[in-house]
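Just one chain follows, in the form predicted alone, and it is written as structure tokens.
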């Protein structure tokens, strides 16, 4: 048996208002929840048992994925009642693991979209007899990341915090293979950061931590811009997934989606189930959630339109995030970065809220 822990406890504050009621890992990316792509890739890598480390809206995960049988997995759920950090979250699920002390356990972040070869990482970990094996990715500018230098054989020598002059462009991509005994040694019942506490302490004790450099596609979908980018890249075929729900290309149209013959939908756009794009509209590189409506002659560019939301006639959205059920009246022009909360109504240049939810 090969098993994995998926960390899915974050509240996704950078993705508000989309995450007001939905965990970010459950938001639809190219037609299915982001976590479906992660789980499908885990199954393809030979993982058969997964423990989801949940927190925010934990019930939504079990309601959607159940026991995991539809994905060829056996899924268990452990809910964190208070924030424990990455290391604390991993340690919190130890009782649900079934592996022996020296067996590999894969740790995955549920908000990362990647083509990384997890099966190869497990193989390298076992061949090297490592205590921990990290996926490292190379970035053009490592100043925004903690960098991870390695020696000529790939063994990690340091874990460095963000700095203006990092010694390497290799950074931690957030996919780990742990020997099970390493998980059991993490302190229980308190917050622990694997990046700031566990890994440095392991190095200090002489543990063998290996860095596997893999230049495969890798994207953290934690911001609205990255969320749109990841969905677009899946639809355009820049990154693969066994979980894609239909033919891709310039657009992915889900069941019941309607696009008027005079409308243009392109650039890797997803049109959700029952969504409608009206006459003369242009939708480019965007994500339209289920039941949303884009009225005639509207323009939607690199934006997200929430479930059941309506974009009025002649409206222009550019880099906008429209919450579920929001209504944008005719002829509005919303420039990059504008976010409209669920159930809000914009009409005649004024904004009002039709629910108790407001921006914060």
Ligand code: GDD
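This one's a predicted model, so the numbers in the text were calculated from it and none came from an experiment. Residue numbers count along the first chain shown, from 1. Rigid core: the largest C-alpha set superposing within 1.5 Å between the two forms.
Missing here is the form predicted together with the named molecule; even so, the following discussion is about that form.
Although the partner is absent from the chain shown here, none of 21, 339 and 346 has a heavy atom within 4.5 Å of the named molecule in the model of the complex. The closest non-hydrogen atom of residue 278 lies beyond 4.5 Å of the named molecule in the model of the complex. Taking the partner from the other structure, the named molecule in the model of the complex has a heavy atom within 4.5 Å of a heavy atom of residue 195. The named molecule is not drawn, but in the model of the complex it has a heavy atom within 4.5 Å of residue 218. Proximity of residue 161 to the named molecule in the model of the complex: non-hydrogen atoms within 4.5 Å are present.
Interface residue among 186, 235, 179, 173, judged by heavy atoms within 4.5 Å of the named molecule in the model of the complex: 173. Just one of 104, 211, 85, 166 comes within 4.5 Å of the named molecule in the model of the complex, counting any heavy atom, and that one is 85. Only one segment in the set 251-259, 282-290, 117-125, 85-93 has residues whose heavy atoms sit within 4.5 Å of the named molecule in the model of the complex; it is 85-93. Along 92-118, residues 109, 110, 111, 112 each place a heavy atom within 4.5 Å of the named molecule in the model of the complex. With the core held fixed between the shown form and the other one, residue 181 has its Cα displaced by under 2 Å.
Superposition on the rigid core between the shown form and the other one places the CA atom of residue 241 less than 2 Å from its counterpart. Once both forms are fitted on their core, a CA shift of 2 Å or more is seen for residue 169 between the shown form and the other one.
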